[in-house]
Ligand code: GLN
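Here you get one chain, nothing else, as structure tokens; it is the form predicted on its own.
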């Protein structure tokens, strides 16, 4: 039995135009991505085409012999070229899933990582018995942490701060997308600089920049060359923002309030040494799914 060709003359085009099917487009894209040393090129190609068509992967399989419209094919090939050049898939598609929610992302914000979901889980656990909690998210980025928290706790309110106005615009769209904008205040601020310490929080959460400046060159090309540097590293040993959190957060927390923040690989011992036991009680340093100490949970002493 002969197979149906995946590229053929368009009968409606007078024999002049070439029709490219979904199957052929995926093969061509996977080859191009593989030549560019992109990992899992077939999966990446399918992700890009599914996003281009606003369909899922099951659709691509079921409709593999369907012809792609010329505008869709052009958009898809443009995305493949961007990915082959090293741009992260999430920036090409403009989307990333986090805590079961779909978030808009752009080069203005750090791409949400699965390990940061541990920050949300830890925060929710600490707020379990707090009624109508008030939360501050320092370094909002895409808004993924604050939005996920508010989505899970309908009685909570939050303030999210970021030094980047572009990042705050992305966060605002994500808050609107998930119907929590009415409970989220977005503030342009360098850490707590623009906040009033008379307004206390039950919990402060942060995924701060923590990569040491000397470690930047060892990051993946996609991260090093495309994600916002201000969200990756504060320079030096990578701990300067964490020092600011530990020093300044007490003025913005109610008595017994909590500070929860993410740390980088192999930073847990250095962070332990920064914690002043007269100010903070270390509740736990939670490990992520890879067994890496990732999320520090502290309680403000009375």
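Positions refer to the first chain, counted from 1. Everything numeric here is computed off the predicted structure, so don't read it as measured data.
Although it is not shown, the form predicted together with this ligand is what the next lines describe.
Interface residue remark: residue 113 is counted as part of the site for this ligand in the predicted complex, having a heavy atom within 4.5 Å. Proximity of residue 133 to this ligand in the predicted complex: non-hydrogen atoms within 4.5 Å are absent; the residue sits far from the partner. When this ligand is considered in the predicted complex, residue 223 lines it closely, a heavy atom lying within 4.5 Å. The shortest heavy atom separation between residue 90 and this ligand in the predicted complex exceeds 4.5 Å. For the residues 181, 75, 211, 127, the 4.5 Å heavy atom test against this ligand in the predicted complex is passed only by 211.
Of the listed positions (108, 232, 168, 195), a single one reaches within 4.5 angstroms of this ligand by any non-hydrogen atom in the predicted complex, namely 232. Considering this ligand in the predicted complex, the lone stretch of 142-150, 97-105, 223-231, 197-205 in range is 223-231 [heavy atom distance within 4.5 Å].
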